[in-house]
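Just the one chain here, laid out as structure tokens, in the form predicted alone.
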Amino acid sequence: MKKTVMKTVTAAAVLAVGCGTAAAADKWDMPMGYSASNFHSMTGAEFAKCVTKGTGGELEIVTHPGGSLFKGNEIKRAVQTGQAQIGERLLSAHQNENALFGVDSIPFLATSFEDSIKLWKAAKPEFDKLMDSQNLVLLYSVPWPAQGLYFKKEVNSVADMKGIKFRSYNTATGRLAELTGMLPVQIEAAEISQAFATGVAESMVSSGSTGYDRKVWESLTHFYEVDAWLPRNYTFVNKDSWNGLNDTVKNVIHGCAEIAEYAGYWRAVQYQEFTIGQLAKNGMTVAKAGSKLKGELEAIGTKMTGEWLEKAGSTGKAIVDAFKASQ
């Protein structure tokens, strides 16, 4: 994989020279939902610089992290309609549009980084088609670290979760709340700290990365490692904007996207251990979920998998079958 990336880097550098005499410069705005310090936003910022430099300034991409240009739930629509040319968003946030968007959030299906890659490889051809039908072009996707459960108290079973206000960010998390007796509250990433500080939410399922970024130890006390799933962010371009580019610029963008996907993946791997350590360092109780809790959650995961397959139909089944065959 490293050889492939080095070839891509070299190709991008060569193309940069070819684009150095570009005539007219173009500027693209890239809204992102997470804070500038988040590793996804950092990866996006480096991708933008790579494109800007690689095209010799013919195309400049300017990032807008933290929902500063468009809020998280507005980003995809903004890019589809041409209000922004490029954007990054949580893949599963759009599961209400099409079940396929939730393939990365099927509980306990792909629970490791290696499995996340295999699942994405099985799903990507279908996503390319789906993006095309929505006036979008998929560029790259990066996983989050494995998802764990955050609470304000010790939790040893699903019964202990009943009535807790739970931060929901997609269809899967909303359904998880329902099946565990918690109360789902839709909250975007940029609003997490305030939601916990004011008691609007009391729990969430997320990675150590989100908890670290938002300093949730100021409001929450426990983090349980359950490795529920590894959700993904994805970066996409308005198809009309894409079609307006020449082939040289497109090649640079593809090269930078490959680099971003590779770098983002390894950032996620390294960030998982670091951020979980930071949660503990800042006073949170960090532990593996007990056998009772894990068993109950896995039973819920089996139910949710069946529900997803029913909605995703033959396409979803083909993806899951291909993924399982690759294991």
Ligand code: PCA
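Since the structure is predicted, the reported quantities are computational estimates derived from the model, not experimental observations. Position 1 is the first residue in the sequence shown; the rest follow in order.
We do not show the form predicted together with pyroglutamic acid, though everything after this point is about it.
Among 141, 180, 80, 207, which has at least one heavy atom within 4.5 Å of pyroglutamic acid in the model of the complex?
Filtering the options by heavy-atom distance leaves 207.
Only one of 235, 147, 116, 203 has a non-hydrogen atom within 4.5 angstroms of pyroglutamic acid in the model of the complex; which is it?
Contact residue from the list: 147.
Wondering, does residue 167 line up within 4.5 Å of pyroglutamic acid in the model of the complex on heavy atoms?
Yes - in the model of the complex, heavy atoms of residue 167 and pyroglutamic acid come within 4.5 Å of each other.
For residue 90, is any heavy atom within 4.5 Å of pyroglutamic acid in the model of the complex, or not?
Yes, residue 90 lies within 4.5 Å of pyroglutamic acid in the model of the complex.
When the contact criterion is heavy atoms within 4.5 Å, does residue 47 count as touching pyroglutamic acid in the model of the complex?
Although pyroglutamic acid is absent here, residue 47 would stay clear of it in the model of the complex, with no heavy atoms inside 4.5 Å.
Just checking whether residue 231 would be counted as a contact of pyroglutamic acid in the model of the complex - the rule being heavy atoms within 4.5 angstroms.
Residue-level check for residue 231: yes, a contact with pyroglutamic acid.
Within 4.5 Å of pyroglutamic acid in the model of the complex, counting heavy atoms only, one of 246 to 254, 207 to 215, 108 to 116, 126 to 134 shows up; tell me which.
Going through the listed ranges, the match is 207 to 215.
Using a 4.5 Å heavy atom cutoff, which residues in 116 to 131 contact pyroglutamic acid in the model of the complex? It's fine if the answer is none.
Result: empty, none.
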